[in-house]
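Quick setup: one chain, the form predicted alone, written in structure tokens, and binding and motion questions come after.
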Amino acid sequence: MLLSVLQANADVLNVEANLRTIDEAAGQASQAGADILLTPELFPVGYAPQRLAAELDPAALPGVRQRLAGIARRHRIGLVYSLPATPEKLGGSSEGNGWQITATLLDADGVPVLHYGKVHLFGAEERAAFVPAQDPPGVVEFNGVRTSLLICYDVEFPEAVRAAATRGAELLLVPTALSAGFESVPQVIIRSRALESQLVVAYANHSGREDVYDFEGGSVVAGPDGSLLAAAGQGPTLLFAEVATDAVRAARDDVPYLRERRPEVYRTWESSA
């Protein structure tokens, strides 16, 4: 399966401009033969938690979702997007009332096949604007590849990635909004997560400045052996990487981390800490 990853600069609360960027990327990716396009965290509305909480009209979001579904259908490509949503909207749970940061996977017919709510919120602004989700990452088969979702800070916790892997994920798609100064995340952590849970991890970041944030860029796709399958610089780009399930299975057979875990022992360690 050919995966495409969008790295771009969003215009905060300019949904029209941001959807045009996604539409153009979906067209280019589809023409190149890609089966799926991964876009950054909150890209259709831009990343600015305080402004979104204060200015974004929730009534506009169903229309945005419909237009994103239309993009997937028009270009015959799977699409991962991230938007604010209430837990009730997507059938999830949270630790309080309010919006979550969510990600959705659409198939090439524009039909939602997987939803996920962000469990680990990063920083005071996210925690003021959103509530954390609680539900584990789900897994669906997409074009023959068992696929799961996390969002941004989630992937920095090995427990979250391992939860997807132990549920059978072979591909982990991660919309993110990583600020400049955290280069070790795409350069080290993403590759480590892919290696230790033996799956492909794709990480799609913003580029440039949005509101008060300067973004790192540096989107990556890492293989199940920790190898770098694709990497971006700081500017807008469209990455491509081939996702091979046989490489995932070979890595898991070669060094059986998942089979040889001892969760019952780890629980005793945690209870005695």
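This structure is a prediction, so every number in the text was calculated from the model and none was measured. One-based numbering along the sequence shown.
The next section is about a form of this same protein that is not shown, the form predicted together with another copy of the chain.
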Exactly one residue in Glu159, Asp109, Glu88, Glu141 has a non-hydrogen atom within 4.5 Å of another copy of the chain in the model of the complex; which is it? Glu159
From Val200, Leu105, Val119, Ile77: within 4.5 Å of another copy of the chain in the model of the complex by heavy atoms is Val119
Distance check, Ile189 to another copy of the chain in the model of the complex, heavy atom within 4.5 Å: yes
Would Glu125 sit within 4.5 Å of another copy of the chain in the model of the complex, counting heavy atoms only? no
How about Gly98 - does it come within 4.5 Å of another copy of the chain in the model of the complex, if we only consider non-hydrogen atoms? no
Any of the heavy atoms of Pro137 lying within 4.5 Å of another copy of the chain in the model of the complex? yes
Which of these stretches, 125 to 133, 67 to 75, 141 to 149, 169 to 177, has heavy atoms within 4.5 Å of another copy of the chain in the model of the complex? 125 to 133
